[in-house]
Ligand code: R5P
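Heads up, the chain below is alone and in the form predicted on its own; it's given as structure tokens.
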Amino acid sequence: MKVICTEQSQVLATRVARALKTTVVDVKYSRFPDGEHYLLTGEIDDEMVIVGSVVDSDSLIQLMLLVDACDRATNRLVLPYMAYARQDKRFRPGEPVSSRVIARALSQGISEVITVNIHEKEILKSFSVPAGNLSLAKDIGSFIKTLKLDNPLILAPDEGAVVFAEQVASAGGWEYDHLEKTRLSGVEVKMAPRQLSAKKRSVVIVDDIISTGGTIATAAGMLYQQGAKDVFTACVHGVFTGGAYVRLMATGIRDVACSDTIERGCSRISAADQIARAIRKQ
């Protein structure tokens, strides 16, 4: 068994390979003059673990080419982050179900798929091969332990993420809650924990993904107004579009951390051990 990866997932793939006690196959990436992708792999094995986050259209094409280059092997696909996964339903006539399109495209030449905190687990059914999902909630909980906070309050940004917050909190036996919006007027909205007080407490806002960071940035400012001692945030997928990281730090958030499903400077939580364990079980 060997590991191979796209350009977007070099760090995570190396960590997975180390956990599996194997090697990463070298891949040379380039483009033709017209912008089309080209790649050339080193020597592949009969069994390959292909690691590649789809963060944009280029990384999708690169991943598909990589799968085809390994067509003589039995391939497991590790998809740490899957772009286009938010469109999992057709809301208006004429819309594509983009998550289904990507899942079908990435099922070719693959024996199984492993995802990490995919947007909706129902998407797994769109793959034409066996597909399973891993959660890094407890890994985020372990990271929070390293912050050595005194009785932190774990907060989900909304009710939809409260199960994730509960799983994170279980790592340390901490209290958890979710933020609730209360409209005070036509233009004024208050955000606060639904049941628990943030006053004089360290608060960690957790979620599976941070894109624009707008809700968390607004919430952080209000939590400080409500007497929070300090505010941190941690997520699995750090998309950070439109200057989101700077926006979050500008609100006074003490620290922003994400995992290496999307490789960032603030990727301090790794999915490698969970991925390696899932592969060993097969």
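Throughout, we count residues from 1 along the sequence that is shown. Nothing here was measured: the structure is a model prediction, and the numbers come from that model.
What follows is about the form predicted together with this ligand, which we do not show.
Partner contacts here mean any heavy atom within 4.5 Å of this ligand in the predicted bound form, and among 207-215, 141-149, 124-132, 93-101 they occur only in 207-215. Proximity to this ligand in the predicted bound form, defined as a heavy atom within 4.5 Å, holds among Asp88, Glu166, Glu112, Asp158 only for Asp158. Residue contact check for His119: one or more of its heavy atoms lie within 4.5 Å of this ligand in the predicted bound form.
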